[in-house]
Ligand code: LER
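So this first bit is one chain, no partners, the form predicted alone, shown in structure tokens.
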Amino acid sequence: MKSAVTISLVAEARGGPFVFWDGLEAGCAHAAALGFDAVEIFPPGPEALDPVAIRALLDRHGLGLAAVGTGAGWVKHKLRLTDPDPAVRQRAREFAGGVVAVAGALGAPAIIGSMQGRCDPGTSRGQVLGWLGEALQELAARAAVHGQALLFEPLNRYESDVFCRQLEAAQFLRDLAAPNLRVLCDLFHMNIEEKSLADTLRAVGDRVGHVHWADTNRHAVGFGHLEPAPVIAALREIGYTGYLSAEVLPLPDSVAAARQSLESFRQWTGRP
């Protein structure tokens, strides 16, 4: 397994659960100095990412790119893939598709999280899942052009009511004609919704495509009461070799949160 840390470039989300906030150059410099394998980037939009410049920056710091988030589609632009308005759904697909394309050009998957939206009053769950399925299939096809997965992140009940449980999301993804769809398992969300994190990871199995390494209080692992040993054991049992990415609150400050995230990663994975 490999370590990663989050960098947000979305001003409207400042103060949220991302470790570094003060630009890509500074975030990459901190990540490299601490010893992370990669970074996970949350841009305000696809136009904010220059693949050539980002590749040069990552290479200069010896970093990989773990994933690219689409969350600004909702946070900044109020776009949802399941909005009742077809024009909004189309704009949402275009926004997410742009991020998928840039991420793919950089050899990384994109994440669909908050853009999944909610089940609005007056709209049936079946209709919402129909819209979501169509969007995910289209976006997964765009990711497949680059040989990349598309990551779908179930959120806790306070953020979405579309998919809150990992296995339900995995079963939904399996039914779609897109074999590169994978589940992003965020340990913070899972702590709220799942009876057993380890058993859930085993049940999702080879559909686990990415893990957000976060404690129960959304702080760095070790700053809450998560029991990491069963989680790591389950990930090893299913053969997971991807990233454990610190998507956590920057508390007590960004560098301290990053350092604790990496120390806990090394402690529990045995990686140097």
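Numbers follow the displayed sequence, beginning with 1. What you are looking at is a predicted structure, and each value in this text was computed from that prediction instead of being measured.
Just so you know, the form predicted together with L-Erythrulose exists too; it's not on screen, but the next bit is about it.
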With the cut-off set at 4.5 Å between non-hydrogen atoms, does residue 182 touch L-Erythrulose in the predicted complex? no
Might residue 207 be said to contact L-Erythrulose in the predicted complex, defining contact as any heavy atom within 4.5 Å? no
Find out whether any non-hydrogen atom of residue 168 is located within 4.5 angstroms of L-Erythrulose in the predicted complex, and reply yes or no. no
Is residue 191 near L-Erythrulose? Define near as a heavy atom within 4.5 Å, in the predicted complex. no
Thinking of L-Erythrulose in the predicted complex, which stretch from 228 to 236, 211 to 219, 27 to 35, 50 to 58 has heavy atoms inside 4.5 Å of it? 211 to 219
Find the only residue in 133, 104, 113, 97 having a heavy atom within 4.5 Å of L-Erythrulose in the predicted complex. 113
Pick from 199, 159, 120, 138: which has a non-hydrogen atom within 4.5 Å of L-Erythrulose in the predicted complex? 159
Taking L-Erythrulose as it sits in the predicted complex, which residues of 233 to 247 have a non-hydrogen atom within 4.5 Å of it? Please list them. 247
